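Single chain ahead, written as structure tokens, the form predicted on its own.
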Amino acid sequence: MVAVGKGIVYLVGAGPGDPGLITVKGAELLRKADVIIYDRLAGHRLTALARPGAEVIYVGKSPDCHTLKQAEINSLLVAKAREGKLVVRLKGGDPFVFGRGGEEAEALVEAGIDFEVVPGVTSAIAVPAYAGIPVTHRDFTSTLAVITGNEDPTKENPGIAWDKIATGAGTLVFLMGMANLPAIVRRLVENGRSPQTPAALVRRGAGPEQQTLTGTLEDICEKAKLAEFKNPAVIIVGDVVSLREKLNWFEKKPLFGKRVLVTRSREQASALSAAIEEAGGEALEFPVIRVVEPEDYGPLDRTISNLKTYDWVIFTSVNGVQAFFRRLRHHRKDVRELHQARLCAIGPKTGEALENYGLLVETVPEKYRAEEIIEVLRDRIGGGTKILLPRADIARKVLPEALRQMGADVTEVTAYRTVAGDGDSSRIREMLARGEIHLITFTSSSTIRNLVKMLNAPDLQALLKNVVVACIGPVTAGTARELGLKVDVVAEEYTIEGLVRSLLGYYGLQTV
């Protein structure tokens, strides 16, 4: 056990690309860490797990650029731990598989710093698997060798015994070897590997930009040259490569290759992100709205003190339900205060949120917008019917105005506010400019307004020219068009599930 106040470094494997492949322990440490020091291949999706106030430091390396030299990274780990902090050193793949984790561990031992290793899923196994290539198979081979691709195969005293490795294992996996591919192939063939041996190159494996190229040792170099194949890539050599045609699963997923910008609030993004990733896409969460408390609780508190006087309470969102009941609990009250009121909810998720409090919802319109509620309630509301409407500060006025025209006595009260998010808009703008975001989802008019404001692009139409825009319903789509956006997808059912179904329909694919 580490002494209280004493720093510790965890060498954590991030896995190969899919953020879902990090271990449970690794994710828990990211949420607890005081400092996260991460590599180029570890990715922003995982650093997003950092708790508020955590220090996040990028020390990535690429073939042509090193943010910090290895000795400097070692010194940084020691320095942060000596400040008494819990440090996570987040490394792509596994820390001890060509990740220089052993060197960092040695530096920590020499400095007297406690450390632990949290293994990760190595790209040597996971990337071939995501390309439909099992590295071992009973009918093909029972041996596997993982080899660095960074060593110059032409040097006089190589660290790789090419005469043994070429034929000594059925499957050979070379990591980060694209620059040396011709020399690697030559060494293998010179040392007895057949030129007809199947070979595969997988670039940016286990992510939406995964590319796979197959051939043989005889032609793989020419194919790579024509395709301009570059690192980061994994090279697989062996008969198991022939199984890819049959076992290719990841690249056949309906949203494979699509990076989807999810603009919902952080608290609500997970359901949509999970559905996108289940369909093979990458969900890039960029919350453009935050749900916060009202500036003044006075109006809501007054309605809570008079709940028994209302005939109906209409909830228009899950946020409204949660905010209302938080305030109810604050006043030491519970659902018994609503025993005289009939409940109406816009949307099944809002209804489910109410049922979670043990309440039965009398009305959930088939279409989940204010206009439909008006039609449903038209025959149930008379002159003087008292209606409470707890919702967002910027909600549309269509519903309360129509209810008043029907003779109802409507109390519209702010239960929560939505404000602009505080994410890195410059990064999103750059990714859009580089064509790295393929689709944007909007689940409310406020998500559209805030994204447009945060991007602050002089030519928004040009920036989004090749981006598919998907909206959860016609009201949201109308706002998008008002702001000059081209809308490609409008969900027929105004739910997250309906939005995903409409997306798959847009691409001519089956529903997941």
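Numbers for residues come from their place in the sequence shown, where the first is 1. Note that the structure is a prediction, hence the values are computed from the model and not measured.
Not pictured, yet referred to below: the form predicted together with a small molecule.
**Student:** Select, from the options 271-279, 390-398, 290-298, 225-233, the stretch whose residues sit within 4.5 angstroms of the small molecule in the predicted bound form by heavy atom distance.
**Tutor:** The contacting stretch is 225-233.
**Student:** Looking in the predicted bound form, is the small molecule within 4.5 Å of a heavy atom from each of Phe98, Leu175 and Gly205?
**Tutor:** Yes, each of Phe98, Leu175 and Gly205 comes within 4.5 Å of the small molecule in the predicted bound form.
**Student:** Give a yes or no for Asp94: in the predicted bound form, does one of its heavy atoms lie within 4.5 Å of a heavy atom belonging to the small molecule?
**Tutor:** Asp94 belongs to the contact set for the small molecule.
**Student:** Decide whether Thr122 counts as a contact residue for the small molecule in the predicted bound form under a heavy atom distance cut-off of 4.5 Å.
**Tutor:** Taking the distances in the predicted bound form, the answer for Thr122 is yes, it comes within 4.5 Å of the small molecule.
**Student:** Hey, in the predicted bound form, is Ala415 touching the small molecule, heavy atoms inside 4.5 Å?
**Tutor:** Ala415: no contact with the small molecule in the predicted bound form.
**Student:** When the contact criterion is heavy atoms within 4.5 Å, does Val127 count as touching the small molecule in the predicted bound form?
**Tutor:** Taking the distances in the predicted bound form, the answer for Val127 is yes, it comes within 4.5 Å of the small molecule.
**Student:** Just to confirm, with a 4.5 Å cut-off on non-hydrogen atoms, which of Ala477, Val35, Leu41, Ile448 contacts the small molecule in the predicted bound form?
**Tutor:** In short, Leu41.
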